Ligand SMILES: Cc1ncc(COP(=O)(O)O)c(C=O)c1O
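What follows is one chain in structure tokens, specifically the form predicted alone.
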Amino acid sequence: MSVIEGQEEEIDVFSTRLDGIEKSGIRKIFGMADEKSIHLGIGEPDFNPPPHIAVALKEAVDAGYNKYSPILGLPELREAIVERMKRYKSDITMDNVMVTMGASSGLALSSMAFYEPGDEILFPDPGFVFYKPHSMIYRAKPVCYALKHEHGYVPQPDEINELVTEKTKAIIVNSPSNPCGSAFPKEVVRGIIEIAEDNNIVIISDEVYDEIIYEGEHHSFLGDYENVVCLNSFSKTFAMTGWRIGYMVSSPDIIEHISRLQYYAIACPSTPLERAVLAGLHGPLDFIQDMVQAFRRRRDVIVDRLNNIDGFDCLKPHGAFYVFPSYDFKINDTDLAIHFLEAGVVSTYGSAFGKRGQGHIRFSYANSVENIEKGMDIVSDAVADLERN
């Protein structure tokens, strides 16, 4: 039993669910930064939401849309999401959709709905910092599958298949990837789905960066397999990370089950925010294209700059807005991130995303080209005197 320390007697009050779960490495470095630092650490677009969405939020509040929403979300928003997602699965209906408080709450609710003590959950390493802790909180066993440099940080279905046992409950996938920026080819998506079908495994697919693709197109895990939970968010699509609104697409049975959990967790999503993002889906979408074009330009700049600094090896990402270069300096990744922070650049150490992230640094290029150039100048100077392996 966890206890409160610093009292005359230790009082057993907390459950042990958080035992062994540390504060996010992303937030650790972010919290140490000052206002003068160049922020290439945290993952959020540096744009503001399109003006017509901001106007729609104010109008919704002024018009009195301030009461409880239905648990599943406003029907008109769910219908707009259906139209958006038909490009991935043509036969979906409103029964397949639930609005959530960002993709993060969708991840947590999915974990709550599926994980039981003794279950094994396959998750990517390196991968987003929520996946492993969620399995631990619900007493399941986290089992990592590798994203390797030689494969462009794309998982290999045959390697995942070797990890499957009779206890495997779910496979978590994330394309485009945070932190790697890799996007899964169609054949990899199909291969993972076949493994899940053969073994009756749930796929939890984090697709929040589906609009931020630089070459080709996004390949969703939505399709004929029913046991897929597809999680998405308006945070990246409309540059509204602080609004905390997203959605889940799955089979009607899964949506009905998880909606009951949603009620007891948050009651319902935010009505005025739903009205605002509905205006976004019905309005002009050139904002997304312009944002992706800006990210593409920044990606090319930061990749070129890193690969011209001796000691870094940086693959060009195909999606999201992160680079995940490996390095060969004689310093661990945590100390290197602190070294950059002291020099004036915020980054994230690779091992924050798993053991395979050791020897890597994540930079977010959700910042201006000018600041990226300045940041890379600082990084170049900061590593100039570091000993190489």
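Residue numbers here begin at 1 and follow the sequence given. Note that this is a predicted model, so its numbers are computed, not measured.
The following text describes the form predicted together with this ligand, which does not appear among the structures shown.
- Within this chain, Ser104 lines the site of this ligand in the predicted complex, having a heavy atom no more than 4.5 Å away.
- Contact between Lys236 and this ligand in the predicted complex is found at the 4.5 Å heavy atom cutoff.
- Although the partner is absent here, His219 sits far enough away that none of its heavy atoms falls within 4.5 Å of this ligand in the predicted complex.
- In the predicted complex, this ligand sits within 4.5 Å of a heavy atom belonging to Gly43.
- Contact with this ligand in the predicted complex, defined as a heavy atom within 4.5 Å, is made by none of Arg296, Phe324 and Ser347.
- With this ligand left out of view, the stretch that reaches within 4.5 Å of it through heavy atoms in the predicted complex is, among 134 to 142, 204 to 212, 270 to 278, 255 to 263, 204 to 212.
- None of Tyr115, Phe184, Phe312, Phe128 but one reaches within 4.5 angstroms of this ligand in the predicted complex through a heavy atom, and that residue is Phe128.
- This chain is displayed alone, yet in the predicted complex one of His149, Arg84, Arg244, Lys89 has a heavy atom within 4.5 Å of this ligand; that residue is Arg244.
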